[in-house]
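This document opens with one chain alone, in structure tokens, the form predicted alone.
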């Protein structure tokens, strides 16, 4: 029993439950219908079923998560991953069902990269024979793998990795070797202690020629007792800012031989004996796993945004500060302190984050549709989508994960001092989300890939227009469409003359398209005409990628609400109710206008809008937040359908019992389990009572 006990008293009136009930009564749409639109009825029903299974399993208990150190947390994560796999096998879950349960448990684990990167790489780059040898055992967790690409000296620059895989024709083997300290594999999730196999990215060398990075699937630990195999050294890299329940590891090879079958050979291979290199039909085919992960990260950004916004919005509706003398808040006939959510500054901080979460929902669905469509096309030799999907996934990964990381921190700050407490759920969320801005390509580096695609598209379009054989009706690619619109009229001006006109989606799309195209045109001019170096324009290139991807987010948000988004084959979209459609349109307006109002410089220099119009946008933003979004704020976050078990937050509880949950969590703090702290006799008593006085002699000093 805890030595810390709180009086059996309620919080002062009004109660949190009553405040949230009042908020929910103002919602203009059906929360259940919007949740159903976002996820589908089947997903929501599964969630309820999974909660019944998960909450009753000790391995998935979250009650002590905030009190544990790294060693205890890793041990718990290993137990959790084992229990989750066993449960999935018993329940015969599909991969989608497994992922849904894993999201609810919400803790990175040592098997995460086995599912997230090791197996997808085998699927996309392995032959049928390799699927039999590696993938099928991996699906049964007999093989547990990791994805060893990053090196201590090379992270984003995959082409610069130094680990070598040299073909030995005499034995038909590859020899893996680490020639420099900088070639040691580093940051590899699951490698530290859990994995017994690894997909290793290494420089393929045959007959003295270096063919660049290729993937090999190799054993690294004994299948008998899990000891490292001769020629392999590996271990954990130590504590990190976050993600400490995953054993990120390091590894080096000392002339380690593996059989010919280890080279993943779906697209490229080495002929046994001769060492002849068979090149892939397209040099970017090996990007498959990378594109999948980057596209998936847009969806996880949506989850991060939504989770943080749910906690901060509910808490802001309950937390009261000061009385607004101009517009006093009432509960019944009683004047109460103003809920923080009523302050316009809090709305300006939180409501765009809610809007961003919904924006990412539509774009993440579209990115996954395009990814699977591209996979299908490539299987039949059609690579037309590959460049666009790769470029978009790179830029969107950068933009959305940057947005999410910044927004989680903003939500933490918006909760005031209590946001600094682990019990809010926000500090650990930020720590575990932070790696997203770096892995799968540093967010500032990978935007160059988006930039190269944009500049090539622009140059090709200019050349086609100049050829006299071009027709705008031939354009089906949305990137070429907005670039062509700009080239038709680079001096286009925004026609809006009142704040209300900025709610017109066509004006919003025109503003984003004109700005992005103007930036691309300026960079191409700098590179091609002014002969500026690529390095000297990296800031502009990054900003152009952001502009392009913000346009994608705005465009998909608008199309999604209209019901004009393309759907995956065989899928029929759930229709939006008129009330939900109107409410989401308000969020779409806020998302589009807030980005312009927050950073107007590029929109102004593009010439499409002027300073007076930016000022009008500010009025339009405040108007839509106060009159349209404020009544629906709690309804919007409720529609994300996050159960309390998932949130694990005292501040974000659905029932509004914030202070009751907060104080109860404090009683579980391990150092509160005794009234007098261990160490009192050694470190405190020598100062406060060095003579060991007892009773009245001590009290008399007071």
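Positions refer to the first chain, counted from 1. Computed from a predicted structure; not experimentally measured.
Although not depicted, the form predicted in complex with a further copy of the same chain is the subject of the following passage.
Within 4.5 Å of a further copy of the same chain in the model of the complex, a heavy atom is found for none of 43, 127 and 654. The candidate stretches are 263-271, 477-485, 185-193, 97-105, and the one lying within 4.5 Å of a further copy of the same chain in the model of the complex by heavy atoms is 185-193. The closest heavy atom approach of residue 89 to a further copy of the same chain in the model of the complex falls within 4.5 Å. The shortest heavy atom separation between residue 70 and a further copy of the same chain in the model of the complex is within 4.5 Å. In the model of the complex, at least one heavy atom of residue 675 sits within 4.5 Å of a further copy of the same chain. Among residues of the shown chain, residue 240 is one whose heavy atoms approach a further copy of the same chain to within 4.5 Å in the model of the complex. Listed residues 629, 85, 370, 205 were compared with a further copy of the same chain in the model of the complex; 85 is the one with a heavy atom within 4.5 Å. This chain appears without its partner; in the model of the complex, the one residue of 503, 365, 257, 154 with a heavy atom within 4.5 Å of a further copy of the same chain is 154.
Scanning 108-146 for heavy atoms within 4.5 Å of a further copy of the same chain in the model of the complex gives 111, 133, 140, 141, 142, 143, 144 in sequence order.
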